[in-house]
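We begin with a single chain expressed as C-alpha cells, specifically the form predicted alone.
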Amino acid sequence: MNEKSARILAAVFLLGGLAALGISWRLGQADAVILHARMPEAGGWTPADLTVAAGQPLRLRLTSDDVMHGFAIGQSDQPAVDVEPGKVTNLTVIFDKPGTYTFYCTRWCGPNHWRMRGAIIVTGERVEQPVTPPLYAQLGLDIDARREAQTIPAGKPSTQRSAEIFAQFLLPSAQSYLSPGYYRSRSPEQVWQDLRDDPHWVHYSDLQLWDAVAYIWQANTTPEALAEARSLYARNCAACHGESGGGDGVFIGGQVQVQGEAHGFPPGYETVLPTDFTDPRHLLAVSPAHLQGKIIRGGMGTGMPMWGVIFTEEQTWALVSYLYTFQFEEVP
C-alpha cells in the first residue's frame, strides 16, 4: 500500500469513527427527557410526571424558560443542580427501587415557589413493606386545632443557668423525662406541669423547671442534627417563616385575613399568616409530634406545604428540634 492510499484509508476510518460518535451522541440526546422549568404561575415543571424502570438511567435535559430555578429529588442523596434560563443542564439519575419520587425546585423563584413539584414514577416489582403511621396519627392529634399555652415562662428557658437542677436528671426518678417517647408526645407546657406536680421537683422555682424543660429538649437532639436543620430551614422555610422564626419572611407582606379570604398574595397561596415560632403561647403549647405532623403533612388551608415527600424522617425530627430553639436558649 502506497502512502497516498494509507492516508485515504486513515481518513476513512477517522470519518467513520466521528460519524459513529455523532450517531451515538444523537441517540443519547433522543433518549433524554427535556424538562422545562417555569414559575408556578406559568405552569411549573413540564412535563410534571416522568416514568422510568428501576435500575435504568433517566437522562434529563434541564432548562428554564424564565428565571433561575433548581432541581432536586426528595429524600435523595442526589445533589441539587441549578437550572438556568436559556441554558441546558444534563443530568442522569438511576433509581434502585420502584416507587414514586418527588422532584422540586430549590430556588425561591416567587411566592408560589413551593408548588414547583413533579413526580418520577419508577416501575418494577415492589416488595410490600409495612407502613407505620406518623406519630401524630398514632397519638390521635388534631394538628389543625389551634393551641395556646396558659403557662408562660418569665424569661427564656436556658440550660446554662443551673447545674444543680440538671444533675437531677442523673437520678433514676428523672430518667423517664429524657426518653424520646415522652419528649415527642408532650408539649413543653405539659412537661413543665408534670415536673411541677412531681414531688421530686417541688423545691424548684417555676423558671428553674422551665430550664429543666429546655434541658429535656436539648437532650433529645444533637449539634449535628441542629446544624443540618438550620440549613434546611434557611433553604426551605425562612422565606415564609422568617430567618428569626417570626413569621415575617421575605414573601410575607401586608397580608391579612378577611372573612376567610387572604389578601396581599396571589390567589391560592395563603389563607393565614405563617406561624410565629417566637411566640411562646403557640410553640410551648404543641408537642414535637404535632410539629412533625405539620411538616410532613402540611397545613390544610394555610399554604403550608407537605414536606414529607421531600425530607427524610430524621430530617423532620431535626427540624422540629430546631424550631424549639426559637424558645429555648441554645448551648454552644
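Note that the structure is predicted; figures quoted are calculated from it, not measured. The first residue of the sequence shown is number 1, and the count goes up from there.
Below, we turn to the form predicted in complex with ligand HEC, even though it does not appear here.
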query	finding
Any non-hydrogen atom of A37 within 4.5 angstroms of ligand HEC in the predicted bound form	no
Partner proximity in the predicted bound form: S64 to ligand HEC, non-hydrogen atom cutoff 4.5 Å	no
Contact test in the predicted bound form: N236 vs ligand HEC, heavy atoms, 4.5 Å	yes
Interface membership of A289, ligand HEC in the predicted bound form, 4.5 Å heavy atom rule	no
Position in contact with ligand HEC when the complex is considered in the predicted bound form, options P280, G44, G303, G70, heavy atoms within 4.5 Å	G303
Residue among A32, L50, A54, V272 with a heavy atom within 4.5 Å of ligand HEC in the predicted bound form	V272
Joint contact, H241, K294 and G299 to ligand HEC in the predicted bound form, by non-hydrogen atom at 4.5 Å	yes
Neighbours of ligand HEC in the predicted bound form among 80 to 105 [non-hydrogen atom within 4.5 angstroms]	none
